[in-house]
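Just the one chain here, the form predicted on its own, laid out as structure tokens.
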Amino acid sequence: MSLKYALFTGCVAKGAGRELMTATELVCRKLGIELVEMTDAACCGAGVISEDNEMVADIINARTFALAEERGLDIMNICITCQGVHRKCQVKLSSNPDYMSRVNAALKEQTGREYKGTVKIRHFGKILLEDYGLDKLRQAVTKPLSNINAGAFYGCYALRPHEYSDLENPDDPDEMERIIEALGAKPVKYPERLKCCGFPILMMNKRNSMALSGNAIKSAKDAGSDCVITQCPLCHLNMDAYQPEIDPDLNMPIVHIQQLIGLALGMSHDDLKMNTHIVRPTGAVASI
């Protein structure tokens, strides 16, 4: 079965976190997953636009959904924040036909498009689990990560609110751990894995933001993790870029889940641009 998706890159993977885009493209090419980048889609708004004008935010995202529908493709997100914002918008529209009609009327007036409500919107990890399959992923692994203890960090938008989450159990998920295990690595559960990284308050309260990130990293380290695995580039930025300022002794590699998969598929640190991280690969991660 051919797997083909409309790739919504989000802003960070084309800006401060470009290594995520590189790793996504390399891994999907290796696994035979075809991506059509949505170069004509707009920013999801990251919840910021909706604080000022909820309907404008929903019109912007309904346009993105309509663009994917026109291509006949489902959407792959590689940012959990984008995924959460998209799912919130989609659930809101599907549960309120009158509101969806108003959004579509504005969308049609401005762009000539209409969102029909048929597109599926999922994060890369969920697509890997549901469409590609873990058995197939295990077969693709050429370099099992048997010496790696990896702590998953889910990110707020994957978990909350529950009604928008596509995790089977948002209170105690295991989706990331199942992927980590399929790569031959040992998943490490730690107390802070379901907490906030602090990114949303970074500009307003940097001290508390860094404290949240620091608590998560320290919790993972104390539990025996060699690295923290993220599925949101905003979580990655907060825990990687600010880690030396939080505590230079932490020295914990923060790895996009696509990069971890890439390592198991035989790709190098340079291929995956892991040497562009603020905290470079160390310990067991460096040995791969």
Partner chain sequence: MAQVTFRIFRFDPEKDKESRYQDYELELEPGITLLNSLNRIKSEQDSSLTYRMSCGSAICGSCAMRVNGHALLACKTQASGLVKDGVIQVDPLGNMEVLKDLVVDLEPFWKSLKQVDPWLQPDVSDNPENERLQTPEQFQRIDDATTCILCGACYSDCNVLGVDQEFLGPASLAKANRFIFDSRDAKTRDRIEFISEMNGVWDCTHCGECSTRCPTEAKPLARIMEVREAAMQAGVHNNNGARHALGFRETVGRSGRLNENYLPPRSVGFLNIPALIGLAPVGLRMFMRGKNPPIIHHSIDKADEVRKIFSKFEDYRHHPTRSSRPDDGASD
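Fair warning: this is a prediction, and the values are worked out from it, not measured in the lab. Positions refer to the first chain, counted from 1.
We do not show the form predicted in complex with the partner chain, though everything after this point is about it.
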The single option of 36, 55, 31, 223 touching the partner chain in the model of the complex, heavy atom within 4.5 Å: 55
Which residue among 145, 212, 119, 137 has a heavy atom within 4.5 angstroms of the partner chain in the model of the complex? 212
Looking at 123-131, 94-102, 72-80, 178-186, which one sits within 4.5 Å of the partner chain in the model of the complex if you count heavy atoms only? 94-102
Partner contact for residue 164 in the model of the complex: the partner chain, 4.5 angstroms, heavy atom: yes
Do residue 249 and the partner chain come within 4.5 Å of each other in the model of the complex, heavy atoms counted? no
Is there a heavy atom of residue 49 lying 4.5 Å or less from a heavy atom of the partner chain in the model of the complex? yes
Applying a 4.5 Å heavy atom distance criterion, does residue 268 contact the partner chain in the model of the complex? no
Contacts from 100-114 to the partner chain in the model of the complex (any heavy atom within 4.5 Å), listed N to C, are 102, 106, 107, 109, 110, 111, 113
